[in-house]
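A lone chain, given as structure tokens: the form predicted alone.
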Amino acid sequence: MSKKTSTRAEQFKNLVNGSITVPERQVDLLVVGALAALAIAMPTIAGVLMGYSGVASNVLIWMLFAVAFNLLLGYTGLLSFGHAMFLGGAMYVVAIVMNQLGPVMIVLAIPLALALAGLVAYGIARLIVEKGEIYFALLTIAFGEVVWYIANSDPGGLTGGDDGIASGLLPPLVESYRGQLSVYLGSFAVDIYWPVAAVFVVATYLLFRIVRSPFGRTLLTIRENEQLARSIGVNTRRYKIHTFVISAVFSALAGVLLVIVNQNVATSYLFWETSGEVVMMTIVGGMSSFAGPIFGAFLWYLGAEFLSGWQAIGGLRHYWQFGFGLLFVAIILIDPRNGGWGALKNSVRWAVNKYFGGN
């Protein structure tokens, strides 16, 4: 019995230290299980740490946005400061179609929003992916500002200008009672959080499969040594374009969920600050790992909801973004690739090794 317990402890320690290889099928099961557990626990976590369980949907949506963004930054090495155009652009497409043609047309609006995001991303990527890292980042800002300007100018009265769109966005089968959205299927009703959580789990798992596929491993080769990748016959331009398109489509999916849950869209979702926020979430969480952006988005919302309402720290609660900015600077200086998630993993490994003995 003692020997069996010792063996299990050794296996656990090796698993934490990453010194044993887990079969791919078990990795998939672990990832799906972890994502499902996160989605199930998020309302409770949000209720306890953030004071309001209703924010859980937004936390999951921003986690999905950050993971989609990191496909470009963490796995390809391309920094986009204009990804808000895909998040906010999809929100506007869904809102305009529903507002102009009726809520039932959401069945058309969602595929249209995703397709437009992919087409726009493809066109932009073909123009700029080979311009170098700095010019790529600057050009994504420029394209993002163009989209923001179009929405802000309210062409044809479609976008609502500064006010955005905040009416006619309740999809069929969804009803609102005291601000709480529920999906009704006959006599059966479920809080809208659970359909959002299901989409989050499926979409995030699909992104995980992409980064674990030969396509994803080729992206890592391009990020580490693009010249070497070219020398072995990899069409790096094509891979970058495809990555930009995939990242944009999943970002648009996050936008679709956001407009359904929040029942409004405004130009702030297209502004460069929104693009900057997802960059900060990703880097603070850690862009070298798949879970890093998820952790970073959680920290961002923890700061926004918990610290900003924490009376014990007095007036400091109004400056939580200043604290998050300091954390961002510290991570850039200390370990920009692994971020907060890397520090957390190292702490767990240290504690496990300390408890079970070893280095």
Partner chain sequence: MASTTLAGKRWTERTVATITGMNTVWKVMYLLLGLWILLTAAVSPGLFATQFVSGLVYGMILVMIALGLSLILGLMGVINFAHGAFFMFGGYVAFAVVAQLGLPFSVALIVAPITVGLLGVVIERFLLRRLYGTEPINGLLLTFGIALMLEEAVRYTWGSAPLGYSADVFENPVPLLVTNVAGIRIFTTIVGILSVITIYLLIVRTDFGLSIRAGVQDPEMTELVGENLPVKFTLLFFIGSALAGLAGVLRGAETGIDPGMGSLFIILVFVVIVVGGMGSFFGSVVGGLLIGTAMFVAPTMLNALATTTGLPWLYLPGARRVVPFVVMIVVLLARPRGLFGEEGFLE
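Remember, it's a predicted structure, so these values are computed and weren't measured experimentally. Numbering follows the first chain given and starts at 1.
Absent from the display: the form predicted together with the partner chain. The rest refers to it.
This chain is displayed without the partner chain, yet in the predicted complex the stretch 311-319 from 311-319, 43-51, 28-36, 57-65 comes within 4.5 Å of it by heavy atoms. For G340, no non-hydrogen atom is located within 4.5 Å of the partner chain in the predicted complex, even though that partner is not displayed. In the predicted complex, at least one heavy atom of I141 sits within 4.5 Å of the partner chain. Proximity of F328 to the partner chain in the predicted complex: non-hydrogen atoms within 4.5 Å are present. A residue is said to contact a partner when one of its heavy atoms sits within 4.5 Å of a partner heavy atom; V249 fails this definition for the partner chain in the predicted complex, lying far away. For the options I106, L114, V201, V279, the residue carrying a heavy atom within 4.5 angstroms of the partner chain in the predicted complex is V279. Taking a 4.5 Å heavy atom cutoff to the partner chain in the predicted complex, the contact residue among P195, G77, G118, G216 is G77.
Annotation for 124-139: interface residues with the partner chain in the predicted complex are L127, K131, G132, E133, I134, Y135, A137, L138, L139 [heavy atom within 4.5 Å].
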